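Here's a solo chain for you in structure tokens, the form predicted alone.
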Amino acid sequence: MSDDELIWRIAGGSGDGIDSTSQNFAKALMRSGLNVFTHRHYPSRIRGGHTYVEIRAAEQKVQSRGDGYNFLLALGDSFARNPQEEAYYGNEEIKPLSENLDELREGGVIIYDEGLISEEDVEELDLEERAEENDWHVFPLDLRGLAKDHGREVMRNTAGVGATAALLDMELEHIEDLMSDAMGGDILEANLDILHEAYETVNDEYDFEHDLRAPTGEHDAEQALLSGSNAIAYGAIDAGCRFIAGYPMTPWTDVFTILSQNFPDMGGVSEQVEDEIAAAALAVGASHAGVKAMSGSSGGGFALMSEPLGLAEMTETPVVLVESMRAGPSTGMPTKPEQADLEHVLYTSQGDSQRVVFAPGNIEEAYEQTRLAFDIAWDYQIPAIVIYDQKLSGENQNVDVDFFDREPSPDLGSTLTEDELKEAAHDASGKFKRFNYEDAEDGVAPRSIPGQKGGRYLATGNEHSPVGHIEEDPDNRVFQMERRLEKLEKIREELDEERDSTQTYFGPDEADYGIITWGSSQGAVAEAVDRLNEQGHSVKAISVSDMMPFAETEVTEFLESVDEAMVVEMNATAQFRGLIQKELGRFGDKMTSLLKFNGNPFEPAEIVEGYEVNLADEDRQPDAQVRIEPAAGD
């Protein structure tokens, strides 16, 4: 973490307004000209508990959370169920302070709400001693009392923002504008009053001995603050999607909610159904009927979609599914990020998989690759899956608004008109030869839409003849299977030759050492590569998005160009490294793994340390909660 950035953490309890407060503060920082990146940590328990949001802001672009943080606003947990030390979960009331001290950097600033966190609690934490050791600057403020004076205790988060702005020497203009946009009347006036009172109280009562101040910056273009879920939803809309079915499950629910909110204004349909089997089946049915459709879920819910996914593969019905990974198995840690569903997404359903899988690594890729998933699915009549995780789903980052200035693509792909159906092959009964392998180009047999004259055929999950009747003749089976599999070869050719690469590269082309990653770990890897090269190392990285069909050519070229490579991913079983070795087995002895699976995403410093330990060939593991696994054969 550099000295010219702010990493602000607001901590409280579930229900204390941590998420909304952090969103508004992040927008205020963005509007002041800074680049921002947010990281959200919240409990999986329905009963709630300690939660925090981290905002990293700097003049330069920020691509990941930082290494630790430098400003803590600890509100305390006003919804603590049992504020007793001997309770099962400990004294939850003070956890927003006690749980966040280990990662606070030297010279950092702490505001805590002494209206909720008692002096006795603070003494038990040895806060004064720790502050002296780490040069922390501690400001106890009665935020709760300030809020009560203005009528509503929940406004103590507004008081905390006012105090933060004072300690960072920030103007209140952008914060005031955002509050005015979000509320009005007496509520707005009360919040503005408490914002100013906290700001003035801090300025009047404290001398600032800390060096931390809000950075300054300026944007060249209009900015929007978006999450990966926003990007996926907007990519689907611009791709022409107008039907979504789903069942709520963290963290996929955000995409479902955003589309459900937007579809009524654009003639789209959103259906919340009884389970994920029904959700995927409805999406397949809507696509069969001629609508661009999607569904999705997270790990356990996506498992239920295996049967409809197989049906889409066999009937060659285009559909887009999204799978938002979280820590498993089973319910696992449903609000924590992990990249451990890769094999599940690649191979679930029945028989040989015939699907496309993209794994975006940032906001822009989430938008572009969702649109690409729809294009490929409808052009080739094949299911396409966008796999991402809780980190990318919920983290917010500023993006140029004009990045999304694209033409919509409502085209239904390889679909015949009624005039074209007149010339198409039919059998003696008049049925359209929908699955005609003889006339299929690139494995794609053009389809009709139900209701079209001359387009009648049978759609079955069984292996079938060209018109859809159940057919188990060996020759037919080989013809149909090879035709369906041919699509993947043609898709790979199109991705390699006709479209811009969906892989992302970092570092100098001629570097000796390589780092390979995928998905949301991309940003931390990018920053680690920059640091390592600044320290005199020779390192470059590739972030791979094309999981199926695999980006064989680009990954081969990358591995051939380096002496060694480290594969960085958030799981315990090195699933992405396993995929690379499955596709490119000859490089097994070149690759080691850096794995993290403790429920927190990578920080850049952890990747730097993993590289240094691995390069030194030391017989030890890094100090952080990450694990190195050696190359095959070592």
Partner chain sequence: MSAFNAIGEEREIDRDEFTPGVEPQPTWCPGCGDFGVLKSLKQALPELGKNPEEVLTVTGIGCSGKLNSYLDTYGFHTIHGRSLPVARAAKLANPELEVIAAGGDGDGYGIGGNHWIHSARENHDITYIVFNNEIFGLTKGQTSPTSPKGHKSKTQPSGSAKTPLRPLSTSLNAGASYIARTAAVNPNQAKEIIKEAIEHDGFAHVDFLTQCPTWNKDARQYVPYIDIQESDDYEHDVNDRAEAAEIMRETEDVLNEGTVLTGRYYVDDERPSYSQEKHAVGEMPDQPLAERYFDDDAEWERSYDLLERHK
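Predicted model only: the values in this text are computed from it and were never measured. Residue numbers count along the first chain shown, from 1.
Just so it is clear, the following notes concern the form predicted in complex with its partner chain, a form of the same protein that is not shown.
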Considering only heavy atoms, tell me if A221 and its partner chain come within 4.5 Å of each other in the predicted bound form. no
If you check in the predicted bound form, is Y234 within 4.5 Å of its partner chain, heavy atoms only? yes
L192 within 4.5 Å of its partner chain in the predicted bound form, heavy atoms: no
When the contact criterion is heavy atoms within 4.5 Å, does K27 count as touching its partner chain in the predicted bound form? yes
Tell me which stretch of 511-519, 130-138, 428-436, 155-163 has a heavy atom within 4.5 angstroms of its partner chain in the predicted bound form. 428-436
Establish, in the predicted bound form, whether Q369, A373 and G443 all lie within 4.5 Å of its partner chain, using non-hydrogen atoms for the distance. no
Pick from G217, P334, G300, G268: which has a non-hydrogen atom within 4.5 Å of its partner chain in the predicted bound form? G268
Residue within 4.5 Å of its partner chain in the predicted bound form by heavy atom, from G394, G361, P318, P308, is P308
Restricting to 232-266, the residues within 4.5 Å of its partner chain in the predicted bound form through any heavy atom are Y234, I237, D238, G240, C241, R242, F243, N262, P264, D265, M266
